[in-house]
Each structure stands twice: as C-alpha cells, then as structure tokens.
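Coming up is one lone chain in structure tokens, specifically the form predicted alone.
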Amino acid sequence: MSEEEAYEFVKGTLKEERIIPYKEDELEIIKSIEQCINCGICINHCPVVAGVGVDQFSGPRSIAVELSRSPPEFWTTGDKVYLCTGCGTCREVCPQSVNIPEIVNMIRARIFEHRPDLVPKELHKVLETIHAHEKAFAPWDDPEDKIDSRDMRLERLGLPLVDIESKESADVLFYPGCQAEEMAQEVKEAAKVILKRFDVNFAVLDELSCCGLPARLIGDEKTARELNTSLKEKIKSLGVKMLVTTCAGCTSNISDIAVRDNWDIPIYHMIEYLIEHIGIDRLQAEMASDTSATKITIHEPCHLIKHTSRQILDYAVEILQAIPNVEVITSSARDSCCGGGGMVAYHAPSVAKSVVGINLAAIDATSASRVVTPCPLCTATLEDNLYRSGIPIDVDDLTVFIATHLSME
C-alpha cells in the first residue's frame, strides 16, 4: 500500500468516527485556541452578548474553550456558532490574538459535513439560491423589472447611467458583489459613475458570480472553493491588473482567497482605490461646491476595519472631509457590528435586531441627519431598522454618497 493509499484509508476510518483531519491552513487556527487564557475580555466586548445576554449566547470564550476540550465533537458548540456574527471584535481585543472568527468558520464547516441537520434550515435555503444562480440573491424574475428599478433609483439620486463597452484590455475589474448586483443596484451604478468620472479603464463581469463568502459562512467549504475557482478563472480571462469592489465582505474575502490561491493581483475596496490611485486632491477638485450643509455619522463595517484594515475608514473620513459642507460626527457605536454579519439575520432575526439596537441608540443620540457606510449589507440593515424604529435618519452607502456629491458639470 502506497503512502497516499494509506492516507486515504486512514481518512476513511476517521470519517466513520466523524473526525476530520486539519488542513494545513487550519493548523495556525488550532494553535491559537491553545492560547486562550479564559480572561473573559472577549465576552465583555462581544456585540451579541451585549445584545441578548450570556444566557442566550455564552460568548466567544465558550466556543474556544469547548472546542479545545472536546474535539472532534465540534457540534457541541452548534447552539453558539450560528449566533456569532463573525465581526472579529473578540480577536481584536484578545490579549492572545485567539482567532475566534476563523474557529467559528472551521466549526461550521465540520458541522455542515457531519451534522447538516444542525445547520439552520434558512441557511440551507440560501445555499439553494447559490447553487441555482451562483449568487447569494436570486435574480429578478423579469429582467425588465430590474432595469426599471435601476433607472428609478438613478433618477431619484440624480445620477446618469454609465454604459460599459466590452473591453479586451481593461486595467481594473469592478466587482460589485451579489447584493449590489441584485438588491442595491444604486451602489453598482454609483461606482460606475465614479470610475468613469476619473477616467478609469475598467470592466465588469458579463455574468457576476459570488465570491464564496456566504457559502463559507454557512460551512459549505466545497461550494465556497468552487465559487472561488470560478471567479478566479473569469478574472484571469480578462487580464486585469487589479480588482475594485464596493462590498466590505467581498473585500475581505477576496483579499484572503487571492493570497491563498495566488491570483497575483491586488484587491481594493473603492475607498482604498480612490485614495491610493486617484488621490485626495483630485477627488476634492471634482466635488460639487453648492451642496447644502449635512451632518453625517459613519458606521464602520466589521469586514473592513476588523478583517481588512482600519486604515480604510481613515481614508473614508479623509474623503468625507473633502466634500464641501459635510460635517462628520462620531457615533459612540460606530464600530459595533450592525447585526447583519455571519448570516445570523437569516435564521435568528431577533438576535440580529438586538445587536443592531446598540447602533440605533448611538446614531439617534448624535445630531446627524444621515448615516453613511461603505458596505451594502450594513446600509440595508441600518436603513431597515432605523425606519422600523421610527428614527428619521437617512442611510447611504458611502459610494453612493460620494457619487451624488460629484460636480455634474
């Protein structure tokens, strides 16, 4: 028996016992678990614990401790890992840098493989959409209705429609992500307006496919990897030099898989791209000078500040301060999770509502008339909950806010 055959035999035996060998890229995560010192700092900072209490969600520490004490029975934490929003606050405050968000993803993957009955049924429905359409949101039943919705949004915002000619040698691929492709078309269209204004040689995919993040958060690693490969092949066929996206989740996920799978191109959120490739002076020169005074507050998406880089939000503030008559007011919960992450809102909306409630109170306490955030998911979550709570504060995706403040001359 060869070494490879022996390994496959052993894997088969392990599978019968519901034991999954660690992959190479998981070993560092496992090592980080051993560093947990039970200090409880993560519990004190966890937005889910703050929202629903330890009786409903015992917190990040319990996931790390129970995992380290009872492998390979990962499903013993099944009642906890699906309530984690994956915000990354626990990892950020942990004195030992225990990587709880990735531990959660790893546990979910093992539950999905061995105990799919423990995966919330609502998440299985999301996977059905992904398998059918390669997107996390189903396409419109009538394409004409989608066009009408897009045009109505552009008219309301006062933005032009930017047609994209097929380009064989574009420098930049603009990747809007599933939500901006189907549910928040104004974000996609605003980004196109901005890129055209600054003479960027860009292209978009003829058929957008998901970056794989939702599948990975559910635990379906196989589908996530297939989507990763499909997207990589589409990008390579275009020969672009970089990818720019307006989605916080796509930014962090694609940045990670681009390194892991050797894409050999840099990944930028639109905010990063504008500062690092367009420049603040040029941005400021293109802003309309006759805008009315606006007080805004920023919500900071977890996938940007805790999974990518806090510098992106420094860039965002820099851009907003370059827009005439815009005053930025700091919210006390500006970097608290909006409750929309980790797929929690799909199967535990009451938990997500409790988490976002922390944000609503802080936003309402400011004198801002508008919230801006560089994330379509955060935008939708905050907008819906502010409206339902009767708080008269508008919400804009930051890309849309920038586009609507460009001079139309």
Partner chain sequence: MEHEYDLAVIGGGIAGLVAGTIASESGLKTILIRKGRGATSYSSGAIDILGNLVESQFPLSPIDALSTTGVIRSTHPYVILGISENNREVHTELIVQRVKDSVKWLQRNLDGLCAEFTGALDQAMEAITVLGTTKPTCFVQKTMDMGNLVKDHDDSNLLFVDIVGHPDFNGRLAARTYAEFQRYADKPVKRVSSCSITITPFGKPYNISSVEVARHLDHSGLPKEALSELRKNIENTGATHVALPPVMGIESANTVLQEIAELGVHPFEVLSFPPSVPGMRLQQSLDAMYLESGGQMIVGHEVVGYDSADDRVSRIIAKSPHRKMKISATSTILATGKFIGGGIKGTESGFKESIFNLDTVDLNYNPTDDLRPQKLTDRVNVQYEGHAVFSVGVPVDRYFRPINYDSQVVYENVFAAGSVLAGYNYLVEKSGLGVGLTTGYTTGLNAMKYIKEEL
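Residue numbers count along the first chain shown, from 1. Just so it is clear, the structure is predicted and the values come from calculations on it, not from any experiment.
Omitted from view is the form predicted in complex with the partner chain, to which the following refers.
**Student:** I'd like to know whether A50 contacts the partner chain in the predicted bound form, with contact meaning heavy atoms within 4.5 angstroms.
**Tutor:** Contact check for A50: yes, within 4.5 Å of the partner chain in the predicted bound form.
**Student:** Answer for E128 alone: is it within 4.5 Å of the partner chain in the predicted bound form, judged on heavy atom distances?
**Tutor:** E128 lies outside the contact set for the partner chain.
**Student:** With a cut-off of 4.5 Å between heavy atoms, is Y268 one of the residues that contacts the partner chain in the predicted bound form?
**Tutor:** Although the partner chain is absent here, Y268 would touch it in the predicted bound form, with heavy atoms inside 4.5 Å.
**Student:** Taking any heavy atom pair closer than or equal to 4.5 Å as contact, tell me whether Y315 reaches the partner chain in the predicted bound form.
**Tutor:** Y315 belongs to the contact set for the partner chain.
**Student:** Identify which of A333, I275, L320, I298 has a heavy atom within 4.5 Å of the partner chain in the predicted bound form; exactly one of them does.
**Tutor:** It is I275 that has a heavy atom within 4.5 Å of the partner.
**Student:** Between L238, V162, V200, C94, only one gets a heavy atom within 4.5 angstroms of the partner chain in the predicted bound form; which residue is that?
**Tutor:** If I apply the 4.5 Å criterion carefully, the residue I get is C94.
**Student:** Hey, of 186-194, 260-268, 173-181, 290-298, which bit sits against the partner chain in the predicted bound form at 4.5 Å between non-hydrogen atoms?
**Tutor:** Going through the listed ranges, the match is 260-268.
**Student:** Within 4.5 Å of the partner chain in the predicted bound form, do we find a heavy atom from each of V54, K306 and S309?
**Tutor:** Yes, the whole trio is in contact, each within 4.5 Å by some heavy atom.
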